[in-house]
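Listed next as structure tokens is one chain, alone, in the form predicted alone.
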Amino acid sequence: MQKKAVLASVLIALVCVTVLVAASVALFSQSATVDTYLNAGELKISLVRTDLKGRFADKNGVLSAEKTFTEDVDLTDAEATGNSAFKFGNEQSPVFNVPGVWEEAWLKLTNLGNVAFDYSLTFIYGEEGAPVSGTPEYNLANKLLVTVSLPDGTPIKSGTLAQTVQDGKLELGTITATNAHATIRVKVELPYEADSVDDGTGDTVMNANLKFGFVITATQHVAGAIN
């Protein structure tokens, strides 16, 4: 009877050991970490006037023969540098323009970043805004002719300055690769009308002081619609 009791005690002990071993087994587990790097692209452009041709007026309003200027003029930050695509003059260096003057600038736009972009051109008035109807400035805006062309001279758009400002943004194209570039030509002309005399009355443009310019805008190119 005593042997049976001892044997029972041993069996109970073995069972307890088995239970303890089963309770200490952990679930197997393994993980993998994946790192993601997101580099933001850079949209960066340069705008350079490579050539300027035209028939210019001097400070006395005398027309020159056609001239060509080939020095590069950086227009990328024109507001800060004061550089201009044209030589029509300003308050600091006045030139009295007369019918017959015209200037045409060759503008080179380059992708200095790594983001493809669409580019456009918009003509604007200066800080004074649109000229008031009936003033010499208003008449001049409706006399000046603006033409935007491809490098070979094929016109993209042509019309008066007033109409061009009203029409707003002119979409021109897309530049994709880094260091790729495109060239456009922008011409502004005050036509000479042989059969018309401006005597200072009526729709005169004499003494007009009209400020205008244009904006080249580069916007990230999107190949498809974004939902």
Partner chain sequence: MKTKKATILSAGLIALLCVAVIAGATFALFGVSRENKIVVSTGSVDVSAAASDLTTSSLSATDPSGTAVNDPVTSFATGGTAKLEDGVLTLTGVVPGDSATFTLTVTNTGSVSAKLRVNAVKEVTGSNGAADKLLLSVKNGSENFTLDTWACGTDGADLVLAPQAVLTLTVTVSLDKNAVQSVGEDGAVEQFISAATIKLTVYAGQANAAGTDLDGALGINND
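Positions refer to the first chain, counted from 1. What you see is a predicted model; the values in this text were computed from it and never measured.
What comes next is about the form predicted in complex with the partner chain, which does not appear here.
- Interface residue remark: residue 59 is counted as part of the site for the partner chain in the predicted complex, having a heavy atom within 4.5 Å.
- Remark: residue 71 does not count among the residues lining the partner chain in the predicted complex, judged by a heavy atom distance of 4.5 Å or less.
- Within 4.5 Å of some heavy atom of the partner chain in the predicted complex lies at least one heavy atom of residue 99.
- When the partner chain is considered in the predicted complex, residue 86 lines it closely, a heavy atom lying within 4.5 Å.
- Only one of 52, 190, 165, 172 lies close to the partner chain in the predicted complex, with a heavy atom inside 4.5 Å, and it is 190.
- Residues from 165-204 that approach the partner chain in the predicted complex with a non-hydrogen atom closer than or equal to 4.5 Å are 190, 192, 194, 195, 196, 197, in the order they occur in the chain.
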